[in-house]
Ligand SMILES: Cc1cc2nc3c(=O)[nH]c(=O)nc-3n(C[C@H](O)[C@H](O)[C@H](O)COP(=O)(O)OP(=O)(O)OC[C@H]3O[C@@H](n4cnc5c(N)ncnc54)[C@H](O)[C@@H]3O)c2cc1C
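Listed next as structure tokens is one chain, alone, in the form predicted alone.
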Amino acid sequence: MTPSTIVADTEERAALRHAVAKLVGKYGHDYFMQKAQAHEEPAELWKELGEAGFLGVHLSEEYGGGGGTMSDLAVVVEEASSQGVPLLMMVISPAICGSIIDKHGSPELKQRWLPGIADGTLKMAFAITEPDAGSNSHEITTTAHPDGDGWSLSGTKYWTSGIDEADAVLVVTRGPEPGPKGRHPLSLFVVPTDSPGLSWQHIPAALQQPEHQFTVFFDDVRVGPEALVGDEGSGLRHVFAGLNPERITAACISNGIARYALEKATTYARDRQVWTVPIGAHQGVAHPLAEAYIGTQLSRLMAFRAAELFDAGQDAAEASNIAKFAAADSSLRTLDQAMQTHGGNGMALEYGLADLWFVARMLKTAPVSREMVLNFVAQRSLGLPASY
């Protein structure tokens, strides 16, 4: 199933889409699941993606990137996922960390990390969530204490993905003293994962993906001035350079999973015969798949609209949140219908659908929950009173 022309690609972007599909298709869903079950990095695929320029397609050319746009990265992420290879690390390392450093990092910080993020030789994790803060970043307690010409970081982060395979982690911290409004100012630091005092503990989860999740401990982790991203105390503003890309690319993973599931389901519905006719000839099978296709295309439109707004330097927050919300819900419905189309085979791992369920379900909760998206839309889009 080729991508719908509803999402209008330029000739260059269509070529990018084809190239990514061809590269990732060589590996495919079986490779992805083998790595997930063995808890191994998909190192061979990641290396090829980096060498081809796909991971850093949106990053500055000056620092090893492709000089492209968030729309280009959206194509890369969606197309990889449409091959049954939804790589969460694509969202974390190039989309979140790469975008923040490209926007706010010092020249030295950019030179140190961006070329490796772009070519795949370096990975960076992102640590913001805490056990007692949840979605309220103002309540984080991981603190950066001034220490000579640098800082000492202390605290705990939660559900940090892929830190075990990362070379560094971009961590969101607070200052030790509150500001004039009673809130502690936030700052961002890049911390190498071999830093003394930094450790992590695996969180067992139902997700089947190569990237695993961890509780991360910062026990007086010392960082110098070179680790600071942007200005001290301006971390909340700086982090937003990564949050919209996070939502856009998360939506693209969901949309790619939906496309993959539809491809599987429609092929099965054409080939599987009962009482001498393909099951896809029955409206009870065909109509739910058609509805899933419509939902997928609507979600893709919003994701690429959000990317276009981001690329134009406009406020992409509303579109990015709506895109993530719509894509996560649509992807789950589509995957469920694809499994239903397969009947009992939908539960068989050899058909490559059931093992994606928890990845698709996770995207309904992360990187921002659907409830927080609804809060955002209610308050920002509809002007309703705040509930918190």
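Quick caveat, the model's predicted, so the values are computed rather than measured. Counting begins at 1, following the sequence as shown.
We do not show the form predicted in complex with the ligand, though everything after this point is about it.
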| query | finding |
| --- | --- |
| 4.5 Å heavy atom contact, residue 371 to the ligand in the predicted bound form | yes |
| Non-hydrogen atom contact residue 213 with the ligand in the predicted bound form at 4.5 angstroms | yes |
| Residue 127, heavy atom within 4.5 angstroms of the ligand in the predicted bound form | yes |
| is_contact(residue 158, the ligand) in the predicted bound form, heavy atom dist at most 4.5 Å | yes |
| Location of the ligand contact in the predicted bound form, chosen stretch of 27-35, 40-48, 333-341, 357-365 [non-hydrogen atom, 4.5 Å] | 357-365 |
| Sole residue of 243, 228, 207, 269 within 4.5 Å of the ligand in the predicted bound form, by heavy atom | 207 |
| Heavy atom within 4.5 Å of the ligand in the predicted bound form - the one residue of 262, 190, 92, 302 that qualifies | 92 |
